[in-house]
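Here you get one chain, nothing else, as structure tokens; it is the form predicted alone.
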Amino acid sequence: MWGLTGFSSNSSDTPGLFFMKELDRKILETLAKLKESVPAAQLSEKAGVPYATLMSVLAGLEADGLLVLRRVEDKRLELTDEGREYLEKGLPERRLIQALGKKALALSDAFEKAALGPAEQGIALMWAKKNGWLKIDAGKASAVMDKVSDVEAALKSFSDGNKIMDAAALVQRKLARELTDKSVFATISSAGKAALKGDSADSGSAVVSSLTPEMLKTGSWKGKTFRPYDLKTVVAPVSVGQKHPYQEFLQRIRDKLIGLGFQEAHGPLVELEFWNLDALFMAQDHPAREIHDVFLLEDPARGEILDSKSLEQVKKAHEEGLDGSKGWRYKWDPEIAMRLCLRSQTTAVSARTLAKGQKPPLKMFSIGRVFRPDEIDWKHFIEFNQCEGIVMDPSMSLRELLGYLKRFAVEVFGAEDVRFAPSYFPFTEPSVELYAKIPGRGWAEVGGAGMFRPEMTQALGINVPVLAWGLGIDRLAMVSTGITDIRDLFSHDLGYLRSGVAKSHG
């Protein structure tokens, strides 16, 4: 049990017994010298015995009545990285109110004055409104109250070293976590002192602490007295490496889709606007092309479109139209198409795949990170994973598309229920939005789908129906993992990753 058998120096038929007796004596002698109740960690250092070994031996000595163990559990609060940052800089909502002062400012100006990053702006706005500190009128924000919030009071108490009256406020906002420290104090008993003086027990009547392979082979275990296990023994914590629960979730999805006959495709995170938008029949003056809806690269700012055939056909689709369409009727600008951006949708991977001259039937999927400016809350983030899929076959119709979506949401992702609603996307017609029921949060939009428009597919050399979907797989992961805040999916917080939630769903 303890790995000590190999260190025995006696020749009796109970290997390890002599060493354990010496170890018992060593620990009892150390306790006798200290003459007081001492923590196990201190006893380990004083006796020169490894902590894990010490805890096992202490349990046996307690069972023999040679010492008394006192087990103590202390709860404490520990700030998360976000909590420590806010303790130093101030809460985002407080910094926003301070920036406003007595003036009414546009939110963008207030965010800039408060030096709030993109991730903090949504947080500041949400909590300032929830606390009743802020009102917005005619597009301008102004401070209406300056009352200290429960979270601020709790952070100040933590900083001052005082008892925190409302620790729940910090824990619920993920600014702190509650930890339990378990410790054991040992005191030698009168029987232990007497044992040190007499030490007259012979090996035949001594209590044996470990059952060894040699004892089983020779049968010498018969007639021996074994120490009972103490299930309350506090052992040294062991942190075992494990995969991130969200990465395991993504791999399970890949395995299921491959099992359904889909093949996986990949594409670059930094993408040309040509593949991210133009090839999807999205007009260059479409509102989604504005700078606030995609992240554009500053250096390098442009790339090169190598597929000249697709370039000419996409240009024609936009300016003149294909397959009876009149197109968008504007002068298409190749300079805009060559701009580099962080891809905003994995549909760019589908466009690249179709342009390679694929032949039906084809079932393809892609799981990858996409980036979009957004206000951050429990279900929105500026970067997230999307599960893109296409099925190319002459027999495909909207009926098959809805069937695929419902099967994926319920069977693959574990949604309680699904709903469909008509929608609009520049590159699909007809188009639908998929909603999934998230336990504890209600309904949430998880993606869009539709039949690729002929203007898009024909420009890429495809002349058969193609159904497509782009699912916000992070929200579906919330269904599977049981979490209620999308930011937890990307957590590097070891306390969370080692928690029961992460393990039970990992």
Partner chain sequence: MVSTSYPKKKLLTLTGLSESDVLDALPNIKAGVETNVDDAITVEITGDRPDLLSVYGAARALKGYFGKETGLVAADWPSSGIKFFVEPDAEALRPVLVGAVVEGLKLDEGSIQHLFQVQEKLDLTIGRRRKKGSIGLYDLDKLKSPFYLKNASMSTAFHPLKASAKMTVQQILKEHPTGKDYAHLVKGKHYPMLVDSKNEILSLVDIINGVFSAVTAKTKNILIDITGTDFYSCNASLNILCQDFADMGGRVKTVEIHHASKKLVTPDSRPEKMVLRVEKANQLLGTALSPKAVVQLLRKQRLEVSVGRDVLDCLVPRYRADFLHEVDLVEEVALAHGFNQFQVKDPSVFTVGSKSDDTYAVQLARDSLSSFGFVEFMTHVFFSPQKAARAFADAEVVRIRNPVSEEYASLRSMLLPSVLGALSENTRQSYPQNVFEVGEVVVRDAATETRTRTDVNAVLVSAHASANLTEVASLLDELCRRFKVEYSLKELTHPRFIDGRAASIVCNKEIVGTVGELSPQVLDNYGIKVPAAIFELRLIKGQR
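Owing to the predicted nature of the structure, the values given are computational and were not obtained by experimental measurement. Positions refer to the first chain, counted from 1. Take the two forms, find the largest set of C-alpha atoms that superpose within 1.5 Å, and that set is the rigid core.
As for the form predicted in complex with the partner chain, it is not shown, yet the points below apply to it.
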query	finding
Candidate stretches 122 to 130, 94 to 102, 300 to 308, 150 to 158, one within 4.5 Å of the partner chain in the predicted bound form by heavy atom	300 to 308
Interface membership of F111, the partner chain in the predicted bound form, 4.5 Å heavy atom rule	no
4.5 Å heavy atom contact, Y424 and the partner chain in the predicted bound form	yes
Heavy atom of P454 within 4.5 Å of the partner chain in the predicted bound form	yes
Contact of R339 with the partner chain in the predicted bound form (heavy atom, 4.5 Å)	yes
Proximity to the partner chain in the predicted bound form, single hit among K89, K331, K182, R76 (heavy atom within 4.5 Å)	R76
The partner chain: the contacting residue among K316, K174, K224, R419 in the predicted bound form [heavy atom, 4.5 Å]	R419
Any residue of 242 to 279 that, in the predicted bound form, places a heavy atom within 4.5 Å of the partner chain	Q242, K243, H244, Y246, Q247, E248, L250, Q251, R254, I258, G261, F262, Q263, E264, H266, G267, P268, L269, V270, E271, L272, W275
Core-superposed C-alpha of M55 shifting 2 Å or more between this form and the one not shown	yes
Flag for D181, CA shift 2 Å or larger between this form and the one not shown after aligning core	yes
C-alpha of V464 moved at least 2 Å between this form and the one not shown on rigid core	no
